[in-house]
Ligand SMILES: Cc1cc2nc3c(=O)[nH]c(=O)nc-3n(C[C@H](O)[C@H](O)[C@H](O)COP(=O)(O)OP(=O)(O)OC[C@H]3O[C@@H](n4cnc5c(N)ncnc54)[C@H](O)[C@@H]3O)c2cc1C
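Quick setup: one chain, the form predicted alone, written in structure tokens, and binding and motion questions come after.
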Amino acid sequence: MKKHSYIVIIGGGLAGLTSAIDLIQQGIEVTLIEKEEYPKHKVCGEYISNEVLPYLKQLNLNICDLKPINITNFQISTSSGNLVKSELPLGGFGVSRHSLDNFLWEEAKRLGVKLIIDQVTDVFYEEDTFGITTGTHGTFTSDFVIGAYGKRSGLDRTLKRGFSNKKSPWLAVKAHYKARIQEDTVALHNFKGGYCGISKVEDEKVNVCYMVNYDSFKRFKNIEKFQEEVMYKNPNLKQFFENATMTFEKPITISQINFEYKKPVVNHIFMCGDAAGLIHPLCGNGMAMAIQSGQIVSKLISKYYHGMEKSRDELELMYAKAWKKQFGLRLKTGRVLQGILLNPILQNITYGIAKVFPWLTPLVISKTHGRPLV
């Protein structure tokens, strides 16, 4: 038997849960389908720009309950360890995805969002209605579908998205540690073939998440050997790892991370968060972008639901335009920065310029971040 909902959201990450909470607060029926049980750790930098705080407050989401860490400063080092320090123009906060996702999940449940744990295997669109096929719960129908299922999914191949059949060389590794670091600072340390983000989250934990080209990584037997042979050549990373204790049983990883251009609307599905476009992690703004994309799509669907927009086609064009306006420059900036930071020569030239002109660093940071969401 088919079950109908006005909105079906595929994926229970930041974009999916934020949009679900926003929509149901506006009286719109929402079903969210997530393939994983909650709560769980995810490969993520776990730093969020303060630009999202006004929007979270508007949704009556009291993030302070999670005891996030206030972050006001930034530092970046070259592969050889040369360090540049800067203030963060807007600042941000550190909170684990384990805590934040679960907090949003429980709030969505409290508000009446229909939460389903299942795998979506297909989405089709016929006669102005969606059909969403799942592994064990049968088929759902809906008026709109929001795709918020993350960086890469088998669903991308089903939808014939161009990037889904292309291999990507990027691998990401994440773990929590007990360590003494500067609490108000998010750090980005470069090493040959990649870069590593370090920042504090709640409960005295330090999140470490790094990205590396798989060709550089595969020559080593394990993660520990790679860290010692490659990452330790940056003295900042060497000092951290030699004085830190991992609290995870083992690091978690994700591969095939793809930074290619993605369309924000595919087969009439509104793509949100990483499913719509992935900013390079070195920019440290992926979590804020996911939340903001949820805000954009929720606002537009609400207008349609309340009779303020005339057609689905207009809505899709408006979303694609709004998505590009909000995130297009950030994604381009991220690609340029990654190209610079992964080139040792350009990396050192940039370090020299940043030391002479310290005002440039916060200016570049501002190009990868947005203004406070109202």
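Small disclaimer: the values here were computed from a predicted structure and weren't measured. Note that residue numbering begins at 1 and tracks the sequence as displayed.
This protein has a second form, the form predicted together with this ligand, left out of what is shown; the following refers to that one.
Residue contact with this ligand in the model of the complex: K324 places no heavy atom within 4.5 Å of it. In the model of the complex, no heavy atom of A20 sits within 4.5 Å of this ligand.
Taking non-hydrogen atoms only, G150 approaches this ligand to within 4.5 angstroms in the model of the complex. At a distance threshold of 4.5 angstroms between non-hydrogen atoms, G273 is in contact with this ligand in the model of the complex. Between this ligand and the residues D118, E202, E107, D143, the one pair within 4.5 Å by heavy atoms in the model of the complex involves D118.
Note on contacts: among I254, A244, I181, V230, the single residue with a heavy atom within 4.5 Å of this ligand in the model of the complex is I254. Annotated contact segment (heavy atom within 4.5 Å of this ligand in the model of the complex): 36-44, selected among 55-63, 36-44, 335-343, 316-324. Taken together, G12, L155 and C209 are fully in contact with this ligand in the model of the complex: each brings a heavy atom within 4.5 Å.
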